[in-house]
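Just the one chain here, laid out as structure tokens, in the form predicted on its own.
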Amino acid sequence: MRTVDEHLADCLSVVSPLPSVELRLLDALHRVLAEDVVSSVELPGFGNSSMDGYAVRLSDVASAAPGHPVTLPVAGDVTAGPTERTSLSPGTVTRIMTGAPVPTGADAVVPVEWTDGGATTVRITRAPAAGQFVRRAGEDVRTGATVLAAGTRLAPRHVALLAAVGRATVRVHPAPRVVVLSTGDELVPPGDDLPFGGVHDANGYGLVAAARDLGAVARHGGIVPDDPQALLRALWSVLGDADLVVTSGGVSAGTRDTVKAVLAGLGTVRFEKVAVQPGMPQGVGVLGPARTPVLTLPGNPVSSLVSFEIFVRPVLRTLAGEPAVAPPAVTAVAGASWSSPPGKRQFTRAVLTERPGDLPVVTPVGGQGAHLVAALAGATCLAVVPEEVTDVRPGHELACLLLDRGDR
């Protein structure tokens, strides 16, 4: 039997980051950078005002105070936008707007609130410090500085920075294309009437949704009956459109576990028992001339979706160009007792309850049967019980994987 870490290593061994593509900025949102981005400009590109007010020489306004104002002529105006360079003569001020270039010779900006707002002459009632309210050229970004490193998943704030340094396009890893196939004679599409013995296809929809939530371009490849030829036809038909194929069902020891029977015979997919609960039967390998990666997951809905969190998520992160690191875990204390099978790593559906100033409390939700999908829907985390622990008691500290992280 393989450990969780060993099987995860097997899954990661069949994938590598997808070749990079050049995309325009807005199309690159949520993609992962395939290059370090080096700025060819300074930010700001010129010294500019952070306030509406007056550009001044300190020597002309040093004595300004509320009871002793200094009055000076306004030599001109400068506004934000393309303009000629200006200079400030001694004994004068220049009226300046936020973002406008500071004239040569000016030492600071006096906010309009410290003045009477005059247009031809201005009365200044407070002296600024040297450089006050002036944004210095290059104080944010220097020319030649690396502003974003390869491996960064681009959020809106990153797109804004790329635009600010003048990048119209950027090299990124594309979104992985994922095709999910649900297998089993018992499966019926949601919305169709259920015959006796039939079940709606929760796995297909849940896995596609999970992949899309991670940023993949995922689609449902359909429901495949427990027929070897139908399975092979379905697989070969999607290989050309997929960077990863995920199947659910048919990987255990039953007489109709077609996925295992068919793919094991091809010699490029191996099936293993993994020391995990839920989700013991797993398969991993490659298919077709392009050696398209395939992960075969168990058919029970909870096992399928928990397997996605443990094994498929790191694979998709790798394809997308991100490190396949485990998501950060929250440490919590058990609020109830429950058992865990010896030698297996248990991922317990649970809810976290925050406690100000203390560790949160984690409590199992519903039953832990692999078919209880409603219990999984009500969970906010998976409490990870190590292989050597068989009895969890109140107060035990556990690592908990958040199910709604929002971090892709």
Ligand code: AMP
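Counting begins at 1, following the sequence as shown. Because the structure is a prediction, the values reported are computed rather than measured.
Below: the form predicted in complex with this ligand, not depicted.
Interface residue among 153, 212, 260, 200, judged by heavy atoms within 4.5 Å of this ligand in the model of the complex: 200. Proximity to this ligand in the model of the complex, taken as a non-hydrogen atom within 4.5 angstroms, holds for one residue of 292, 300, 94, 318, which is 300. From the list 156 to 164, 68 to 76, 244 to 252, 112 to 120, the contact stretch for this ligand in the model of the complex under a 4.5 Å heavy atom rule is 244 to 252. Remark: residue 182 counts among the residues lining this ligand in the model of the complex, judged by a heavy atom distance of 4.5 Å or less. When contacts are judged by a 4.5 Å heavy atom cut-off, residue 187 counts as touching this ligand in the model of the complex. Proximity of residue 279 to this ligand in the model of the complex: non-hydrogen atoms within 4.5 Å are absent; the residue sits far from the partner.
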